[in-house]
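Presented as structure tokens, the chain that follows is alone, the form predicted alone.
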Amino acid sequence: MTNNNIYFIANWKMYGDLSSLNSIKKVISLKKQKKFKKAKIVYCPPNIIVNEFIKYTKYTNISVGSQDCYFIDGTGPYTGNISAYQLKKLGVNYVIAGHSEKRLDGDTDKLINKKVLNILSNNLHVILCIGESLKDKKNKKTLSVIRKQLSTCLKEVKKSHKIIIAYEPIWSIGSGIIPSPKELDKTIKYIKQFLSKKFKNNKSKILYGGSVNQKNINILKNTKGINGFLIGGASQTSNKFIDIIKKTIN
């Protein structure tokens, strides 16, 4: 881990409803404690309850993000879609782009690049997800896959202060399996080197995501160069989420 602010980004995916607001009360109380001041907590609930989360966390130090946005910005005749512009007007601070589950739905690196540029043009933080498949891993293509994803998804991006890279190996998501410390260290180092070459005075952040839970966090937190975690299932239960935060910041 780095000694700077540590990100804990909760990706709730297609879970949660209005009653879910009750589950973040304990997290809000935790964030008020001085000991956890450097914890940057971001909730990314389904878009149908984003507005309620924004209102609920208005006077706290907790931020709200969206799980995705449309590749065309502004407003227009695009039924069922939400733009980065609209999310900003709502009060969102972060937007996830390129999650592997969206890639399975058809999002290509070029399409993700359009989303990234739109997110940044609205002065929002982008959480760009990258990661290799199990086949790529077995064929030792992890770094080449990551290089391609970063090169295309960050094309024409000039500044790095709003960039958060979430390394989420596809084979790890939901499997309960995480990379070995050696594998993770090698990959994070490569991502950091890439970003340092691309951006002058690089200020981007690097997170790990993929089966993060309260049992493996003690292993993951020892990885050098990461600034926090993108957390799925374990973030939907306040006790598990808090346990992860406490074990990371001790």
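Just so it is clear, the structure is predicted and the values come from calculations on it, not from any experiment. Residue positions are given as counts along the sequence shown, with the first one as 1.
The same protein also has a form predicted in complex with a small molecule, omitted here; what follows describes it.
At the 4.5 Å threshold, heavy atoms of residue 16 stay clear of the small molecule in the predicted bound form, well away from it. At a distance threshold of 4.5 angstroms between non-hydrogen atoms, residue 173 is in contact with the small molecule in the predicted bound form. The small molecule is not shown here, but in the predicted bound form it comes within 4.5 Å of a heavy atom of residue 101. In the predicted bound form, none of the heavy atoms of residue 132 sits within 4.5 Å of a heavy atom of the small molecule. Proximity to the small molecule in the predicted bound form, defined as a heavy atom within 4.5 Å, singles out one entry of 204, 211, 187, 66, which is 211. Figure note: of the listed segments 133 to 141, 164 to 172, 74 to 82, 104 to 112, the one touching the small molecule in the predicted bound form, with heavy atoms no more than 4.5 Å away, is 164 to 172.
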